[in-house]
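Only one chain is given next, in structure tokens, and it is the form predicted on its own.
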Amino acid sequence: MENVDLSLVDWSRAQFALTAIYHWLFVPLTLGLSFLVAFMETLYVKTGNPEWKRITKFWMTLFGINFAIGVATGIILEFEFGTNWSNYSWFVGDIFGAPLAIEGIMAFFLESTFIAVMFFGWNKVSKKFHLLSTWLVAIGSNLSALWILVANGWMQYPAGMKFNPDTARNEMVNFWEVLFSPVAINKFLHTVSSGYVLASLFVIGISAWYLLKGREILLAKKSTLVAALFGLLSAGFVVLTGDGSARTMAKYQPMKFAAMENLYVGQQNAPLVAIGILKADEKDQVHHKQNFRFEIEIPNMLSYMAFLDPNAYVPGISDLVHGNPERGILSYAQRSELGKSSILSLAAYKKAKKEGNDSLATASLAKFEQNYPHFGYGYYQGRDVHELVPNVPMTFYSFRIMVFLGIHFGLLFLVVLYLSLKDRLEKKKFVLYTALWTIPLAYLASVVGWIVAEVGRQPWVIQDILPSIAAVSKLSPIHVQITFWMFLVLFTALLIAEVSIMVTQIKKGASEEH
């Protein structure tokens, strides 16, 4: 890998990040709003109140606008695995392709079949069948997220697979281990519940705008009550799943966990930095406390968060890079040597098989399998192993932005729900303005959450097995640059179009023609 073009790697990563972030701007609203619409239509069918039908149709229209543009960006994202990351697709296609195929066959077809009934079946099918269609669209949308997040979770923790040395591909040996791996389950539950929070904040924010304008008062009050209750329950679930995600991260991705906390030197009784400001020269420091200009710590909390034990030892960045024999932690230099040995043993095995030397092939295969857990580190033999350290400041700050915004969201749900039940929300202008301006903050929290998940695991495409320098396609960087700027213009235009259409529809209100 000495001749790898790092500009190609950087531009390929940038293009995928661009596509993923734009796509994710549409996904969480789809996940949450689909269920909110289903709740509202259920109330319509149960009560027979035509106002609930009018409310349902209004939010359903906004859901449809968002859904259509989200599908377009998602299709491009999946194609990039083949165009920009063909080595990755070859290396894990037998595993990674399975969840995506199931997503397309099962979830996407479920959505596309019933979404037509959901939008155009009013007065053409029975109330109950229409309600069933709406619920199936919501379930289908979330099933799509399940399979995509299972695939992403497998990249973070490659379970249920075995490397085939004859084809040089990873193959699935246990589908259920892939589906129910602790990383995949936590990632799915945390991600979809955060989408429910965003959608709830979206509904509350738009309803707050109506109350400030003195329009659609009944729609705003009823919608706010449903969204505040759903959002509060979802926010509580986000906390629980986030706690589980932290423990799986500490176990399977200790470097990401250390980067998230800016922890350079591991320690027992490790404190959690609740608030901290890093020094600009933090990479030149050795001890993690010297890297902060300002910090507020919670004693023992990091050890407890990682291992449910306040006395547990949490390894730091220096432990992982330079090794810690007392704790049984190999250095990255040692792992790169073992990884290189695994790569060379694979080449020796294939050569021996071709020459018919079975004894050498057997010995080479055994050595390859012994060192395979370090396989990906072999690509950094002769390189600076500090390249295996992710962007610490970005990961550190993104995590704290996500957490503090999450606290704000939970408190807002509580206040809005209380005021709605007391029928006093309309008079609280400050709360209404806060709810309105929380909509962009919800999107910010969603994006920084993905920054923690993806930037924190760099440079790994598959944790410990395949780094980005070995996963890219053999392309000219200029071709990736051209498509990067094309996608930037296209996605920005789509985003502007969606916001414009949404704003127009919101200003129009819930007229009977919906």
Partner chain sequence: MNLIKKIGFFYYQGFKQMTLGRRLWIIILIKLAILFLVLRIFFFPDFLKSRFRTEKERSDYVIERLTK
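Positions refer to the first chain, counted from 1. On a predicted model such as this, the values are computed, not experimentally measured, just so you know.
There is another form of the same protein, the form predicted together with its partner chain; it is not shown, and what comes next is about it.
Trainee: Given a 4.5 Å cut-off on heavy atoms, tell me which of 321-329, 115-123, 259-267, 190-198 is the interface stretch with its partner chain in the predicted complex.
Mentor: Among the candidates, contact is made by 115-123.
Trainee: Residue-level question: is S473 within 4.5 Å of its partner chain in the predicted complex, judged on heavy atoms?
Mentor: Judged by the heavy-atom cut-off of 4.5 Å, S473 is in contact with its partner chain in the predicted complex.
Trainee: May I ask you to state whether E103 is within 4.5 Å of its partner chain in the predicted complex, using heavy atom distances?
Mentor: No, E103 is distant from the partner.
Trainee: Applying a 4.5 Å heavy atom distance criterion, does A20 contact its partner chain in the predicted complex?
Mentor: The answer is no: A20 has no heavy atom within 4.5 Å of its partner chain.
Trainee: Consider I75 of the chain shown here, and say whether it contacts its partner chain in the predicted complex, taking contact as heavy atoms within 4.5 Å.
Mentor: Judged by the heavy-atom cut-off of 4.5 Å, I75 is in contact with its partner chain in the predicted complex.
Trainee: Between A366, A347, V239, L212, only one gets a heavy atom within 4.5 angstroms of its partner chain in the predicted complex; which residue is that?
Mentor: Of A366, A347, V239, L212, the residue with a heavy atom within 4.5 Å of its partner chain in the predicted complex is A347.
Trainee: Which residue, G82, G97, P373, P310, is the contact with its partner chain in the predicted complex, using a 4.5 Å heavy atom cutoff?
Mentor: Of G82, G97, P373, P310, the residue with a heavy atom within 4.5 Å of its partner chain in the predicted complex is G82.
Trainee: Just to make sure I understand: among 306-344, which residues lie within 4.5 Å of its partner chain in the predicted complex, judging by heavy atoms?
Mentor: The stretch 306-344, when checked against its partner chain in the predicted complex, contributes only I343 at the 4.5 Å heavy-atom cut-off.
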